[in-house]
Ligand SMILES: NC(=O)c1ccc[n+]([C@@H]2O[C@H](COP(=O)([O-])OP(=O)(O)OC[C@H]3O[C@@H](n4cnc5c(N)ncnc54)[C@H](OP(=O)(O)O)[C@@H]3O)[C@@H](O)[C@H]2O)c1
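Read the single chain below, which is given as structure tokens and is the form predicted on its own.
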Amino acid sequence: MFLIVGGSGWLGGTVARLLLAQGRRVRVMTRIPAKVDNLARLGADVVAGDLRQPETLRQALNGVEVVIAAAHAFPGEGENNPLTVDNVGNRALIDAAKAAGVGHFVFTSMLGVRDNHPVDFYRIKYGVEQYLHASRLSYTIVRPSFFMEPWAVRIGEQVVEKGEVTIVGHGHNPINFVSVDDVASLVLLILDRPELRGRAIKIGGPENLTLHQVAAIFEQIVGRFVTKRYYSLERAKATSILMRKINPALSRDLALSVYMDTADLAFDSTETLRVFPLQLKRMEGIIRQRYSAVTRVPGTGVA
């Protein structure tokens, strides 16, 4: 039995569907079972559970051989945030998995995690990695770059609704984006590779794109010019600091945006592809699949 924690999210839901398509027994733990009715119809066993409530984890882990932890609470609002979910919650899940005799634990982290990272979400992920290592559970850690699909939606909503996109900083920094589908495919491959246990596997997409280049892809596919509005790095840094206690979610989101415009976020997938036979998807294909049917606005077409 495979337990997917975070089955209502981008990655957890995709992994669940792939496992079910292979005829494997899948249980999905989620705070709101109605959100995964589609997985239940495919044959998944759905249980209500909350990483913030350790007492709910025991039932979810009953009879489970493999845990795939894909839940997160970024940027987080109220009590559902990276501190309560990604930090305390994942540590509770690791403890409960060990107590239940789980055979293997797959943890979804992030590319670039370290103990002194400027964004607290990355520091939290790194700390959980270390906690998992110290638990002596059999484990594999997956470290993906930024997911294409959520960022395509985040930018696409602005483009379709307003014909513009807000960029923090200059928008010229190359960033690696990877498709959720490719990360899910990697997870399935490592499940059958016992020699990879105890390792952290990095995965990124086939190209490094600036936010300006992503906007240009939208212009080509949607057929309208995209106005760029800029939020300066200095303003973003100052607002992030001011909002830490007042609005932690906004503070965290701005800190991530500053990081994305200033850090070295390029990634070369060559080494990963030597080990795993993946056909990595490109951002253009993801955007075209989701937005090619969007009605073009008269007089604004770029074609």
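Bear in mind the structure is a predicted one, so any value in this text is a computation, not a measurement. For every residue, the number given is its place in the sequence shown, counted from 1.
Unshown form predicted in complex with the ligand; subsequent notes refer to it.
Distance check, F147 to the ligand in the predicted bound form, heavy atom within 4.5 Å: Although the ligand is absent here, F147 would touch it in the predicted bound form, with heavy atoms inside 4.5 Å.
Contact of R58 with the ligand in the predicted bound form (heavy atom, 4.5 Å): No, R58 is distant from the partner.
Partner contact for D50 in the predicted bound form: the ligand, 4.5 angstroms, heavy atom: Contact with the ligand, yes.
R31: touches the ligand in the predicted bound form, heavy atom cutoff 4.5 angstroms: It does: once the ligand is placed as it appears in the predicted bound form, R31 has a heavy atom within 4.5 Å of it.
Candidate from T166, N80, Q213, S135 lying within 4.5 Å of the ligand in the predicted bound form - any heavy atom: Contact residue from the list: N80.
Stretch in contact, per heavy atom within 4.5 angstroms of the ligand in the predicted bound form, of 213-221, 187-195, 97-105, 69-77: Checking each option against the 4.5 Å cut-off leaves 69-77.
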